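Below sits a lone chain in structure tokens, taken as the form predicted alone.
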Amino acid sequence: MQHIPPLWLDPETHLARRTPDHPILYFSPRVLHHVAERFQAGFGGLVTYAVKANPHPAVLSNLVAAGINAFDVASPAEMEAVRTASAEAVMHYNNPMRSREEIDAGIKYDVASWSVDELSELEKLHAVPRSKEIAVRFALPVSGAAYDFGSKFGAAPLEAVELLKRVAAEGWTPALCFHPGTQCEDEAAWVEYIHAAKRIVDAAGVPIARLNVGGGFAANRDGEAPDLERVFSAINLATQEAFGAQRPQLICEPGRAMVSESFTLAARIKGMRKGGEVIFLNDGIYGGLVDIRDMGLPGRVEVVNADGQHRQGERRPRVVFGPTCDSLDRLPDGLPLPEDTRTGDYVLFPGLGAYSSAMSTQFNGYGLSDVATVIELSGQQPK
């Protein structure tokens, strides 16, 4: 008989009844469904999910249940995870650097769309059926993101023109794709990319069926939910202005923005030093808090005691270390925690569904592996 895990009311209830001494992620399928529906209702095209953000089986299966059945994959392991979640799922292989073995796997898994950003990589795809789509990935020096991907992937526009010509000449379905960079809060980045895509199409003389506008949609970091609808509207308007009657179908591939809000991470305070100025948690940058190291401190942190009650004291900034013996295991300084925080309390980090469990290690015997399903996440309603 299949084991069905319990469904808890909220993290506070679980913490009070179980008092776990290990870090734990709380997952709310309801929140994930809400965000998936928001993307599908607001974005004027095909919504895919970037599996790299969180490949947990519960995430993939719930996205399929919410109507998402196209996925951006970067490896054969992600392809297998998607196929387990849905036998009919459509896969887009948008990691443009692949080994020959990875290409063979993509063909076996019947990948529908492939991206390229360099001629030698296109030549490696000679065995890909000509019925498939190949999207030329290009990059621009635009700002607006926490960090951009252009230094690693993406052809310059003139190179993209030649690649697009070659894709069409070889008989694949030609497309274009780009990525404005992670946690992009400026819709002007998408607008600039879309107009550049039209210039590439015109210079190549090759019409495209689809334009993938990437991920990069911002997730909630400081308590204010990003205005995704403003970005959707800007993308739609720019596409109409640039392409007019030759408007291609749009594709997006949110990862962080899709899954972040559906998870809250709880880490327990192992000990405190220097009058509470320095705090040691049972999770850190080698575990589920790795993304905080790169993205900065979140603005929505709560502390609850072992009874599940929220600490209400005035907040002051603390130095926070993780549990390993490595002194680099340290969050950016200044995490504001209530004055009455005590050893044994739990620090709740909302919005950690992306790049938490996906990047967690088991260094020093610590790590993030436990997921509990809840109805509500600390009483927060999705925005």
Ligand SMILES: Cc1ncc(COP(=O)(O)O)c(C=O)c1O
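None of these values were measured; they are calculated from a predicted model. The first residue of the sequence shown is number 1, and the count goes up from there.
What follows is about the form predicted together with the ligand, which we do not show.
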query	finding
Joint contact, Arg137, Pro254 and Tyr355 to the ligand in the predicted complex, by non-hydrogen atom at 4.5 Å	yes
Stretch from 48 to 56, 322 to 330, 62 to 70, 25 to 33 whose residues place a heavy atom within 4.5 Å of the ligand in the predicted complex	48 to 56
is_contact(Tyr286, the ligand) in the predicted complex, heavy atom dist at most 4.5 Å	no
Touches the ligand in the predicted complex: Thr239 (any heavy atom, 4.5 Å)	no
Heavy atom of Gly106 within 4.5 Å of the ligand in the predicted complex	no
4.5 angstroms heavy atom contact with the ligand in the predicted complex for Pro174	no
One residue of Phe217, Phe263, Trp114, Tyr193 in contact with the ligand, assessed in the predicted complex (non-hydrogen atom, 4.5 angstroms)	Phe217
Within 260 to 279, the residues that have a heavy atom no more than 4.5 Å from the ligand in the predicted complex	none
